[in-house]
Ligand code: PGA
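Next up is one chain by itself, shown in structure tokens, the form predicted on its own.
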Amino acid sequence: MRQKIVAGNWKLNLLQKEARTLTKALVKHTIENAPNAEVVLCVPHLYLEKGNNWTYGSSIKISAQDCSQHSSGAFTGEVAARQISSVGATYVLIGHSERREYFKEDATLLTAKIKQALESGLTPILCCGESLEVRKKETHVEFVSGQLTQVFGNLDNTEIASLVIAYEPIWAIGTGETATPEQAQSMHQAIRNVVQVSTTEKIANEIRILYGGSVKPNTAPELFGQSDIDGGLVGGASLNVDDFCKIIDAA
């Protein structure tokens, strides 16, 4: 049975004192309530080591929000996957829609980042998702399938099996709109089919696929109850300790 993941993506938010206070509250909650889900905090790079220290003694995992496609060298401002791993993080987001849109990241770049992450012992959370325009044209399945197959084509089965996939409909990120449980389940099932075609039925059945896009305490239970949804990548609600704890408990 696939263990669910509830990952909070802080994005470009929280000063150090705020980050520590939030993390310590989450540590207290997870120790006292022993959630069924794996809890992951996707934090800005400067909080990676601190986050690992703040969560000591708990089951919470720390994730970076991105990594470089390079392992070292003259790349000012970049952070290598092996550096991220060296300070205790275990996950890294790859290809979030904001990275794809604002920084023009394509499949070739994302594949290189995934390989760096895997070589460094990190678990990549590969993001995918469609715009409202694509959804209205009803070509969302083809679009998201294309995002994945372009990356999968340069990975072997073992590498694909090592991924977590996060489906985030772009039209639902930060908008308050959420895909219905039926819409989300349909896309997650399609994504699992893409994995099966690209690899094997066993890998497809074991890979974890998260839903992201305005996940809230009132929407989480039904979303997480769908057969192909293995948890959530949570944005805004992960910055509110009460909301995030309720989402964790819903998994």
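One-based numbering along the sequence shown. Everything quoted here is computed from the prediction, not taken from an experiment.
Another form exists, predicted together with this ligand; not displayed. Remarks below refer to it.
- This ligand is not shown here, but in the predicted complex it comes within 4.5 Å of a heavy atom of residue 213.
- This ligand in the predicted complex is not approached by residue 229, whose heavy atoms all lie more than 4.5 angstroms from it.
- Contact check for residue 174: a heavy atom falls within 4.5 Å of this ligand in the predicted complex.
- This ligand is not drawn, but in the predicted complex it has a heavy atom within 4.5 Å of residue 9.
- Heavy atoms within 4.5 Å of this ligand in the predicted complex are found in one stretch of 104 to 112, 91 to 99, 71 to 79, 141 to 149, which is 91 to 99.
- With contact defined as any non-hydrogen atom lying within 4.5 angstroms of this ligand in the predicted complex, the contacting residues in 203 to 236 are 213, 214, 215, 233, 234, 235, 236, given in sequence order.
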